[in-house]
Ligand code: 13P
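Below sits a lone chain in structure tokens, taken as the form predicted on its own.
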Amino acid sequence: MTLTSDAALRREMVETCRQMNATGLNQGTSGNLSLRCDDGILITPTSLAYERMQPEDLVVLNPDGTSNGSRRPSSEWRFHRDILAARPDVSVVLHCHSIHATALATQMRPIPAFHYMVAVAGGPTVRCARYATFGTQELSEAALEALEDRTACLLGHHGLIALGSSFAAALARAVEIETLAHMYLAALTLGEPPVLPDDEIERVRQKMAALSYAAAD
């Protein structure tokens, strides 16, 4: 049995998608999710609401962009394919249009180290990628740039990408980044907050790794 045909894995992926909506990370059919497998990439289909999605609706994506199955892959399949190809350290790519992270992305505004939990993104900032049209190779390239040495980024005028070694880790990281975005927007009402130095964020990152924080895999 191949990993992309594993029934339990497919059920877990659908359940993670539904959790994305339940946690408020997503609305309607926005967002998408993918998993690297030995025999390809398993990715959510395009234009299908998560509450209607079934395990058999998930699409097997090949490296050349062709797919197997009755449904078409997410329109954002290019950045899923390219991120997983470039990042052997991660297995899951989660993309969502969460409200507060997207609000910052519409201003092309990264999240600075105003709070130590910014370390869950792998560095002293959550970068914001330059804008490119959804579903294009240009967007994929912009995402790869913003994700260099990072495990999350904002997409300019678009949304959020979070990476992880598992569905649970990617989801936890996305929830944490959305929470940070919410807090940062609140802090901005009092003025631009001071930021922690880079070496402190690196200490926090290493401590999180040692303690196996769910969102810092």
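Just count from 1 along the sequence shown to find any residue number. Only a predicted model underlies this, so the values are computations on that prediction, with no experimental measurement involved.
We do not show the form predicted together with 1,3-dihydroxyacetonephosphate (13P), though everything after this point is about it.
Participant: Considering non-hydrogen atoms and a 4.5 Å limit, which listed residue (67, 166, 179, 46) is close to 1,3-dihydroxyacetonephosphate (13P) in the predicted bound form?
Facilitator: If I apply the 4.5 Å criterion carefully, the residue I get is 46.
Participant: Heavy atoms within 4.5 Å of 1,3-dihydroxyacetonephosphate (13P) in the predicted bound form: which stretch in 167-175, 144-152, 46-54, 183-191 meets that?
Facilitator: Among the listed stretches, the partner-contacting one is 46-54.
Participant: I'd like to know whether residue 97 contacts 1,3-dihydroxyacetonephosphate (13P) in the predicted bound form, with contact meaning heavy atoms within 4.5 angstroms.
Facilitator: Residue 97: yes, in contact with 1,3-dihydroxyacetonephosphate (13P) in the predicted bound form.
Participant: Answer yes if any heavy atom of residue 36 is within 4.5 Å of a heavy atom of 1,3-dihydroxyacetonephosphate (13P) in the predicted bound form; otherwise answer no.
Facilitator: No, residue 36 is distant from the partner.
Participant: Does at least one non-hydrogen atom of residue 30 fall within 4.5 angstroms of 1,3-dihydroxyacetonephosphate (13P) in the predicted bound form?
Facilitator: Within the cut-off, so yes.
Participant: With the partner left out here, check for me: in the predicted bound form, does some heavy atom of residue 114 sit within 4.5 Å of 1,3-dihydroxyacetonephosphate (13P)?
Facilitator: Taking the distances in the predicted bound form, the answer for residue 114 is no, it never comes within 4.5 Å of 1,3-dihydroxyacetonephosphate (13P).
Participant: Looking at 1,3-dihydroxyacetonephosphate (13P) in the predicted bound form, which residues in 54-87 have at least one heavy atom within 4.5 Å of it?
Facilitator: Heavy-atom contacts to 1,3-dihydroxyacetonephosphate (13P) in the predicted bound form: 74, 75, 76.
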